[in-house]
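Just the one chain here, the form predicted on its own, laid out as structure tokens.
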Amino acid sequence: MADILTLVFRTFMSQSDLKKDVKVITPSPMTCSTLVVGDHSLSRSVLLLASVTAAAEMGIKVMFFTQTQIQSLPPSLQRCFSYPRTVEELLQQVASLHEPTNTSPTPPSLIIVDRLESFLCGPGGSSQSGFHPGEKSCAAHIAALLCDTAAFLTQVLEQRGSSSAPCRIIASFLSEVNAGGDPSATDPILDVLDRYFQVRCTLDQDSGYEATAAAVQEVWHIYLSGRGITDPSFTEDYNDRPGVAQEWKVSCEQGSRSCTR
């Protein structure tokens, strides 16, 4: 999955930045599950761009699970979107990807889940009191099923000699703890998810002088990190932040977005 995110950010880089050597992370079992952490509006844009990039530039089949109806979609992607309302429906629909009807003629090579935290919340909303009592075990159940499904679909793709293997997973998660503003606090649900998702894509809003001086609405730093990135050639430029493979800066102004590295 990290390879698709790299292509997404490279697509929006300026021509001067394109001259830089932007390494694309080779897909492997260790880099094919990525958790996007941060603001849900930007994370949804990242997920949608990933789905479009995967389908249009890489020619692979996508399955996108979200609770919120998405109105404007390319015709080629409309059948790829599913709208489970509850965690039970999400689990059922992900499990159904094992069935022959969903692997023929072509199984998915990319599974996307938008806002995992929304499936862990009860009717009370997104506050901690709204979480199901067994939210950690529920998060583990979802993540384990996603990884198991991706492994199964990878096996199917490889058996058929498909160039779309392996099957990748990307999911977004907005941490309640991080939203509270305490950088030292840890989120137990996020800790559980990190056991299953080998790469993390962090969306970090820049509220400092640079963002103000740039006269833009928002500036975001986006970087890939995690124990799934083990190639030293990807982390050599970020020795001050172990585990960080690549970083981009996204500037949002009047509805447009530009990306630099």
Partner chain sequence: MRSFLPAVAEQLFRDIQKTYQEASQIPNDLLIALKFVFGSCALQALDLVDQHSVTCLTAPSGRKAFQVTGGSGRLYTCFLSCHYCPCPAFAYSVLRRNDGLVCKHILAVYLSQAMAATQQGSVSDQQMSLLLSGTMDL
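Positions refer to the first chain, counted from 1. Keep in mind the model is a prediction, meaning the values are calculated, not measured.
Omitted from view is the form predicted in complex with the partner chain, to which the following refers.
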{"item": "Contact assignment for the partner chain in the predicted complex, among L77, L91, L120, A165, heavy atom within 4.5 Å", "value": "L91"}
{"item": "Segment assignment from 143-151, 105-113, 67-75, 168-176: heavy atom within 4.5 Å of the partner chain in the predicted complex", "value": "143-151"}
{"item": "Partner contact for Y223 in the predicted complex: the partner chain, 4.5 angstroms, heavy atom", "value": "no"}
{"item": "Touches the partner chain in the predicted complex: P100 (any heavy atom, 4.5 Å)", "value": "yes"}
{"item": "Proximity of L42 to the partner chain in the predicted complex, heavy atoms at 4.5 Å", "value": "no"}
{"item": "In the predicted complex, Q198 touching the partner chain (heavy atom, 4.5 Å)", "value": "yes"}
{"item": "Sequence-ordered residues of 38-69 touching the partner chain in the predicted complex, heavy atom within 4.5 Å", "value": "none"}
